[in-house]
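Read the single chain below, which is given as C-alpha cells and is the form predicted alone.
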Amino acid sequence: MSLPKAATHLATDVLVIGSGAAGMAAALAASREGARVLLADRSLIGRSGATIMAQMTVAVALGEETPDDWEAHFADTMKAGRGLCDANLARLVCERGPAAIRQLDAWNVGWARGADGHLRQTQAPGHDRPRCVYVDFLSTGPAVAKTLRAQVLKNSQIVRVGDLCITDLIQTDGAVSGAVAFSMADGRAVSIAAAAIVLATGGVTRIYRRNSASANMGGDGHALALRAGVELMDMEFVQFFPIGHLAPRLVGMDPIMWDPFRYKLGGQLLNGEMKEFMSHYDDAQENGRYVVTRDKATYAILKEVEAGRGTPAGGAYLSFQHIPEEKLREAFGPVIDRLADNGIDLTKMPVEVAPIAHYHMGGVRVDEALETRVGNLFAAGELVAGANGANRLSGNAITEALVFGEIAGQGAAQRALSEARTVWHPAAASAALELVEAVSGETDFNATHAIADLQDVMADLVGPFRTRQGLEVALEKVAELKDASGDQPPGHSKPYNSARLDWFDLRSMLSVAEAIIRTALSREESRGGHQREDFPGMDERWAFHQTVALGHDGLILGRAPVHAEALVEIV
C-alpha cells in the first residue's frame, strides 16, 4: 500500500467550482474585475455540466422577429413557476438576458439568422410568442460551451484545473476562505486558499435512474453548501422532461432530442391505444402543436401509463407519421439519416417516450447579489433556487446560467479584492484534508452499487408522483445507505481511484436525496415539479418556500416567504 502524497496548496482571489456556462461566465466576469481566478472542475474544463448537453433553445426577449420585451418574458416565467418564483431573481434573468445573448453573438457563437440578418426565434411551450434563439437543432449547448471555453482559454487571469474533486469548503471567522479537494489524476490532496468562492456545479438529477444530465451532476455543490452552513430551498421541485426517448434503442443521440422536433414540427402524443390524450388533462389543445408545459405533459403521460394505456415500454407514443418525408428532411436533414442508422423511420413508425429527470428548480438560497448567507460564498446557474419557482419555463436554463454567472463572478471578485477578504488558516482545513487522505481497510461496501440503489429509490418512490408511504420508505432506504457507507472513503489515494470518487459522490447524493425527500414529505399539496398523489392540486396555504439547513442532529426544515414582486429596481 502506498502512502498518500504530500498535499498541494494553491492560492487565488476567486475560486469557481464547476465549468459549465455559469462557471465560465463567473470566471470571465471575475477576471474582468481584476481578480485572479482558479476555475476548477472534476471533469474537463468547459466540457462538463448541463450546458454542453443542452440542445436547442435559449429564451430571451430580443424582439428580433416579433416585438418583445423583457417584461413579457418575466410574466411568462412567473406564470410557469406556479406562484413560487422569486421575482427579484426571475427579473434578473429576463432583464439581463438580452445583453448576455448579444455578448455571445459578439463572440461568434453562431446564432441562427434569417435571410434578413435577424436572429431566428422560435416559440417554446409556456411562452406567449417566439422568443427562443438557437444555433441549430441539436447543438446550441455545445456551441455556447465552446464559445465561452475559447474566451476562458485566452484569458491569462484564469487558471484552469480539471480532474479536481472538491470535497469541502473551509471557513475562517464564519466566511469561506478556501476549499479542500483531491486530484483524480494522482489522488493527491489539494488545499486552495480563496478569498471568495462561486459554486457553479449544476443540478442534482444524477440521483435518478433515468436522467438527461452529465454524470457529474449529483449535487456536489448542494452538499458542499449544506455542510458549510448554507440554506437550501425548494428542494422538492424536480423537473421531469416529459418526452425523453424510451424505445426503440437509440445509440449516440441525446434522449431529449425530440424537443427540437416538437418545436419545429409539433408531432402527436398518443397513448398505447394510439389515441390523443393531452386534451383530457389540460385546457390547451395541442392539435399537433407543442404548447403544453413540461409538468402537465409529464403528469398526463404517467397517468395514461397508470391507467393501463401506456406503450409496451411504459410511456407514450410520439408520432411524426403524418408529416411528409420531404418536410422531415427539410427540417432536420442529416439527423434523419442518423435516426435511420438506429432503425428509426419517422414516416413509418412512432417512437416511445417517457418522462426523464431533467432539471432541478431547488438549490442554494441566495440574495439578489447571488451571495449565500455564508460570507464570501456565491452561487450561479442551476444550483441557485428561486428564479424558476416550482416549474422552469422552457429555454430559461442557459440564460439563467449566463446572467447569474456574470453577477456572481463580479460580486465574488469585488469581495475578494476588498478589505473584507478572509485570510486562510491551514488549521481550519485539517479535518477535511484528513478525510481525503484517509487510508481504510478492505470493506464489503460498494459505493457504485449503492449509487445505483439510490437512483432506483429516487426514481421509484420520489419521482413525478409521490405519496407519504413511498416517501417514508425512501427516507428509510437513504438512512440505511448512509449507515452502510461509513465515515471514510474506501482504500487509499491513487490515480483515478473510482471507488473513492464514488464514495465521495455518494456522500453528496445521499445528503441531497434526503433534503428532497424531507421537503417532499412535508409539502402536502401538488405544485409544478412536486406532485403528491395523496394531496392532488395546489393549495394556497403552501404558497411559501421550504428551506433546509444542517443542524447538529441532521437536516432542519424551515419556511421563507415568496417575493412575488421585485422589491428593488435592479441596475
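Don't overthink the numbering: it's just position in the shown sequence, from 1. Because the structure is a prediction, the values reported are computed rather than measured.
The same protein has a further form, the form predicted together with a small molecule, not shown here; the description that follows concerns it.
Of the candidates Asn88, Asn216, Thr448, Thr443, Asn216 is the one whose heavy atoms come within 4.5 Å of the small molecule in the model of the complex; the others do not.
With the partner omitted from this view, the residue of Ala513, Ala520, Val37, Met56 that lies near the small molecule in the model of the complex is Met56 [heavy atom within 4.5 Å].
This chain is displayed without the small molecule, yet in the model of the complex the stretch 41-49 from 41-49, 536-544, 63-71, 26-34 comes within 4.5 Å of it by heavy atoms. Every residue of the trio Leu164, Asp254 and Ala401 has some heavy atom no more than 4.5 Å from the small molecule in the model of the complex. Ile17 belongs to the set of residues with a heavy atom inside 4.5 Å of the small molecule in the model of the complex. Heavy atoms of Ala397 reach within 4.5 Å of the small molecule in the model of the complex, making it an interface residue. Although the partner is absent from this view, Gly362 stays clear of the small molecule in the model of the complex, with no non-hydrogen atom inside 4.5 angstroms. Although the partner is absent from this view, Gly381 contacts the small molecule in the model of the complex, with a non-hydrogen atom inside 4.5 angstroms.
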